[in-house]
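Below you will find one chain, with nothing else, as structure tokens; this is the form predicted on its own, and questions on how it binds or moves follow later.
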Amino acid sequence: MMKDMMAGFELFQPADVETALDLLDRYGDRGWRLAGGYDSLDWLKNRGKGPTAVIDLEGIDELRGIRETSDGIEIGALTTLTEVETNGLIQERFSLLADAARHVASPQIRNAGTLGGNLCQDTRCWYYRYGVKCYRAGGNTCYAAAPEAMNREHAVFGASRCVAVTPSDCAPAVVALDAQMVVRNRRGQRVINAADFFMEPSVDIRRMTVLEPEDLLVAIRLPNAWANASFYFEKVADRNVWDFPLVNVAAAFRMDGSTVADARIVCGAVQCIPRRARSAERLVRGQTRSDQVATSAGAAAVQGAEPLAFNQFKVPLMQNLVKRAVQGA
């Protein structure tokens, strides 16, 4: 449960990626990557995690910055959320991600919190975070799934033993934009589609992403294929600042005149991974963005939802957010 003191660990502050990769390889699952630190310090203080070594990435300049490439934009994983929110290139071409970054927490947190950290953060399920030995923590029970549990913020789709959800506002946006995640380790580099970067509990219940202990997310690439599309982002939370989403939606529509040529509609905080509303996407392709089409898309998006005892409200909330995204409200 919550405590006020951190356990001891060795602190390393590498100045380049190669040194960081050496440290990650050396310590494996006993190492901890530290980016902005807002999520990490809670984990360490509450003793939910007890790494032998903390690898502070703050001093690695090559992990920062927003660069134009031949086929899009590349964003360093340590680029702050404020930089993502205010960058002119992102605002001009990929305003969906700028809007998502703007909805994260508070200005103070966005000034230090990083895009990579926001995408890789662990779930906020309080049973898991505060020391209960649930499935995700290596136990044999999901305490949040019990009828009497505090599960108002939990999943309505894709539960597989664990009903925790992704807490990231930026994750649905990068999936909607068909982003690519650039990951490095000592053996080399691989590029992973954003939709494949997030881990379902049915695949590995102990991880939120595909990152192995020796891996480092170094950059996020946004392809020009979705540049200057028609974008929509909306987040519903209990408070306007410093709060995680109850449900959010990130949508991109590639238009051919008044007709939707292609669409990506992705919701967060309804599943452990960002959830593509594929049935809604199929429904709007080839259609104009009318109220009737939007209503049908919203209804299609929530088919198959399985709410828990106290989060039934997420189903109509998600339905209306998808409807509003299609309308462009």
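Everything numeric here is computed off the predicted structure, so don't read it as measured data. Heads up: residue numbers just count along the shown sequence, starting at 1.
If you look for the form predicted in complex with a small molecule, you will not find it shown, but the lines that follow are about it.
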Counting only non-hydrogen atoms, the one stretch of 238 to 246, 84 to 92, 223 to 231, 188 to 196 within 4.5 angstroms of the small molecule in the predicted complex is 238 to 246
If we test each of 57, 294, 283, 302 for a heavy atom within 4.5 Å of the small molecule in the predicted complex, the one that passes is 57
Exactly one of 252, 181, 73, 216 comes within 4.5 Å of the small molecule in the predicted complex through a heavy atom, and that residue is 216
Check your understanding: Wondering, does residue 39 line up within 4.5 Å of the small molecule in the predicted complex on heavy atoms?
Key -> yes
Exercise. So in the predicted complex, does residue 152 come within 4.5 Å of the small molecule, heavy atom to heavy atom?
Worked result: no
| message | Does any part of residue 275 reach within 4.5 Å of the small molecule in the predicted complex? Heavy atoms only, please. | response | no
> Looking at the partner-bound form in the predicted complex, is residue 35 within 4.5 Å of the small molecule by any heavy atom?
Replying inline: yes
